[in-house]
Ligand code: NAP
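There is one chain below, alone, in structure tokens, taken in the form predicted alone.
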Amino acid sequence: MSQATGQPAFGLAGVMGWPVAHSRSPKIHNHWLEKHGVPGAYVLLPVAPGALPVALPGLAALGFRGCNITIPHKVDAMALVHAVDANARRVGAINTVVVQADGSLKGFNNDGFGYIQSLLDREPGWRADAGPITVLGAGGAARAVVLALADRGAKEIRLVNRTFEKADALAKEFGAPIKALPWAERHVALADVALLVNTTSQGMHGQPPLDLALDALPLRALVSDVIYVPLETPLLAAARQRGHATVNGLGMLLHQARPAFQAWFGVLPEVTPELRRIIEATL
């Protein structure tokens, strides 16, 4: 046992979801464990929805430092942990659980952190207040992204979703600077924006491409997509051909893992070109 923490010297963590076989998280975290010489392992934890109330509280008893939470458990897991970080509570979902020193569980959401860091990787001087931002979608990813952008100082966020009522409810919940717009206005909603974000599943492998004309989008605008399979969605390909700087979803995936790794293993790792190559080879 570690005298400092009372935890086993060999650290265990994993990703809990259903299914989880496709997850890249084991490659990410096990790469960092090896790189930093930390004794431990990160494993797949396939847990069917009905088994979550039994599996999640078992983390401490099994000697786990914590786990990531993925689909379909991100919302349900909130009711099963003892405490929820303030940011995660605002987002309405958790993607990370940390076993505390007393064995209790605390939930966090690092998706927004991961998203912002992915933008800064592409443009170190990026600022959220550089101009209006248009975000497509109003699901879980959109909630994390919109909150992170607002917290970074965004002055105007135009939220566009196929179901206007869902975007409107989110805008009313979070308040300024978010404004909901109907899907029919998605093309004109690009006028004078500095950042365009797709948080929908359109453009993902096996899904239809996003139906969006970029004609009104200023060429200076940064275009990002939270999708990382494929690495270049039809939206990003069209934006790149117009001359826009683009950001895919891989950086968000990699960066959201960093604070979780630090909480479990005591080291804040870096997202290196080597790690990117390792994960890109699996896509």
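Just so it is clear, the model here is predicted, and its values are computed rather than measured. Quick note: we count residues from 1 along the sequence shown, nothing fancier.
Just so you know, the form predicted in complex with the ligand exists too; it's not on screen, but the next bit is about it.
K.L.:
Is Y228 close enough to touch the ligand in the predicted bound form, meaning at least one heavy atom pair within 4.5 Å?
P.N.:
Yes, Y228 is a contact residue.
K.L.:
Decide whether G107 counts as a contact residue for the ligand in the predicted bound form under a heavy atom distance cut-off of 4.5 Å.
P.N.:
Outside the cut-off, so no.
K.L.:
How about G249 - does it come within 4.5 Å of the ligand in the predicted bound form, if we only consider non-hydrogen atoms?
P.N.:
The answer is yes: G249 has a heavy atom within 4.5 Å of the ligand.
K.L.:
Using a 4.5 angstroms cut-off on non-hydrogen atoms, would A141 count as touching the ligand in the predicted bound form?
P.N.:
A141: yes, in contact with the ligand in the predicted bound form.
K.L.:
Between the options W183, F113, W126, F174, which residue brings a heavy atom to within 4.5 Å of the ligand in the predicted bound form?
P.N.:
Result of the distance check: W183.
K.L.:
Could you check which residue among M204, A130, L80, V75 gets a heavy atom within 4.5 Å of the ligand in the predicted bound form?
P.N.:
Contact residue from the list: M204.
K.L.:
Looking in the predicted bound form, is the ligand within 4.5 Å of a heavy atom from each of G137, N161 and T199?
P.N.:
Checked in the predicted bound form: all three residues contact the ligand.
K.L.:
What stretch, of 249-257, 30-38, 60-68, 214-222, brings heavy atoms to within 4.5 Å of the ligand in the predicted bound form?
P.N.:
After filtering at 4.5 Å, what remains is 249-257.
K.L.:
Which residues within 264-278 place at least one heavy atom within 4.5 Å of the ligand in the predicted bound form?
P.N.:
Contacts from 264-278: none.
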